[in-house]
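What follows is one chain in structure tokens, specifically the form predicted alone.
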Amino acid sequence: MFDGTQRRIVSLWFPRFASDRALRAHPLEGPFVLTLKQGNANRVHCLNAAAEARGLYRGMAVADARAFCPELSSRPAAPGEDARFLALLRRWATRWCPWVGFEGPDGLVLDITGSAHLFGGETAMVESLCQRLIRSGLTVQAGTGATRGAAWARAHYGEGRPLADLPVAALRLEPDTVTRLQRMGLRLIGQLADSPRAPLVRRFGAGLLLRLDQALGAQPEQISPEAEPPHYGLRMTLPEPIGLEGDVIGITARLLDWLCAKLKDHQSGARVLRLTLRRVDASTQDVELRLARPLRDPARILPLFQRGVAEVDAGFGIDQMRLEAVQVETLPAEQIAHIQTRDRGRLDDLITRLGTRIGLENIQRYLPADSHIPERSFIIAPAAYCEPQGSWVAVRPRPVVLFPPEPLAATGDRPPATFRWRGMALTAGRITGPERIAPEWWLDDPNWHRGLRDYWRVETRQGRRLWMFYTPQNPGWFVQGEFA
């Protein structure tokens, strides 16, 4: 009634996937949970068996969980790492069959039709698959069936049971729909299948019967395997060893042409490139190139390899070269204008050349920030990982040099006529101001605990042009900057 005889599907469910992955990397004994902030509270995202045994559950507030279990260990959840690990498991599972897809964030689905006999039959295949996962530290439940829905139902609610005897929640329904069905007395899939369909459609919509028909095989449900990501790597084995720098650069140019063509086909650009040179003695040397911007132009990339290739020790010769784009970013096609400029490309190439010597993170630029506080009106960021943005707009002139406030010995609410600063005796000449700046009350900045500041531009007769401020609440004078 419920199962066919042709197609065979395996559903794998990892009920503690996130916590199992975290404990594989850093094992712990005792109750353990992963926490995730939801709204204004930290809640339990996933937990191990020991924590479940203490009465903890998913969605529970972490504060309540610690009250129930004082010895509880916790770490922040990392959904991105979980997704990457599940992608690795999906790729690993293709050793059993070519059709493997994702089943939500904590499961896999395999179409083993025609491949089970290669592993001793369906039962032996599923048992071997689960044993390997368990030895890897993962909790897994498997279900089999003629349809994807039937396999999912058995993985979550019991393998080996007839589909008709499973609860209606096994049809992958929303919790609200399950509750309403149970109130009507429809608790099992068999009861639901024997009920009149028209009243169910009027009351619950067509989605309920679609899930039922998918589980029973009346409606098809495809398994779409994930496409393998493109691999940006090429290798060339040489008939004769080479050792001259020009020969290495020449072959690198050929590899770059092929690699950049593939990057262009996928509208991508390389951010990090690695050239691996294998010598005849089987040792290897790597030349890594980190670019300031994603590129796929071989004419611009090749000269940037010159310095790294020049430092390579070829030994008795190089017999194999491999070029790989280690880090790739999206780089869509750009509109070609009638006016071309190469200034931006030259700056990026300069940053790349300097970055190979001192590190890209050490080449920085100033970016404007939305704040009227002088020391908060800018941020410093690596030039290779940010774009020039915003505009520098100041209603009043700002000093070229800004430094932490330096106190002066002076009284009164106007700049002193004579004062000493950094060991120099200065006399005020032209004075402009004041400009009152209030602190940002929503930020707890200890540098502004004195409150308001009245800023003055003071041009001294000795040629120094200072930016000074006075604090009315707690009287005092300070110098914070110097104009050019």
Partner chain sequence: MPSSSLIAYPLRPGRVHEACGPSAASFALWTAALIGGDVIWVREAWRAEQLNPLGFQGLDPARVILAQTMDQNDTLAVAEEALRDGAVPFVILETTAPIGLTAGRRLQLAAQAGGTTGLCLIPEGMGSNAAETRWHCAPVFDAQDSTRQRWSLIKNKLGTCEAWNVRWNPEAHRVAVVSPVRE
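For the two forms, the rigid core is made up of the largest set of C-alpha atoms that agree within 1.5 Å on superposition. Residue numbers count along the first chain shown, from 1. Because the structure is a prediction, the values reported are computed rather than measured.
Unshown form predicted together with its partner chain; subsequent notes refer to it.
Spell out, yes or no, whether the shortest heavy atom distance between residue 440 and its partner chain in the predicted bound form is within 4.5 Å.
-> Because no heavy atom of residue 440 falls inside 4.5 Å of its partner chain in the predicted bound form, the answer is no.
Even though its partner chain is not shown here, does residue 461 get within 4.5 Å of it in the predicted bound form, heavy atoms only?
-> Looking in the predicted bound form, residue contacts with its partner chain include residue 461, since a heavy atom lies within 4.5 Å.
Contact test in the predicted bound form: residue 377 vs its partner chain, heavy atoms, 4.5 Å | Contact check for residue 377: yes, within 4.5 Å of its partner chain in the predicted bound form.
Is residue 202 close enough to touch its partner chain in the predicted bound form, meaning at least one heavy atom pair within 4.5 Å?
-> Outside the cut-off, so no.
From the candidate stretches 255 to 263, 354 to 362, 175 to 183, 284 to 292, select the single one in contact with its partner chain in the predicted bound form, where contact means a heavy atom within 4.5 Å.
-> Of the options, only 354 to 362 has residues within 4.5 Å of the partner.
Quick one: of 66, 449, 430, 420, which gets a non-hydrogen atom within 4.5 angstroms of its partner chain in the predicted bound form?
-> After the contact test, the surviving option is 430.
In the predicted bound form, which of the listed residues (124, 272, 350, 238) lies with a heavy atom within 4.5 Å of its partner chain?
-> Contact check passes for 350.
Threshold 2 Å Cα movement between this form and the one not shown at residue 384, rigid core reference = Comparing the forms between this form and the one not shown, which are aligned on their rigid core, residue 384 does shift its C-alpha by 2 Å or more.
Compare the position of the CA of residue 465 between this form and the one not shown after a rigid core fit and state whether the shift reaches 2 Å.
-> Comparing forms between this form and the one not shown, the residue 465 CA shifts at least 2 Å.
State yes or no: after fitting on the rigid core, is the Cα displacement of residue 139 between this form and the one not shown at least 2 Å?
-> Residue 139 C-alpha, core-superposed: shift of less than 2 Å.
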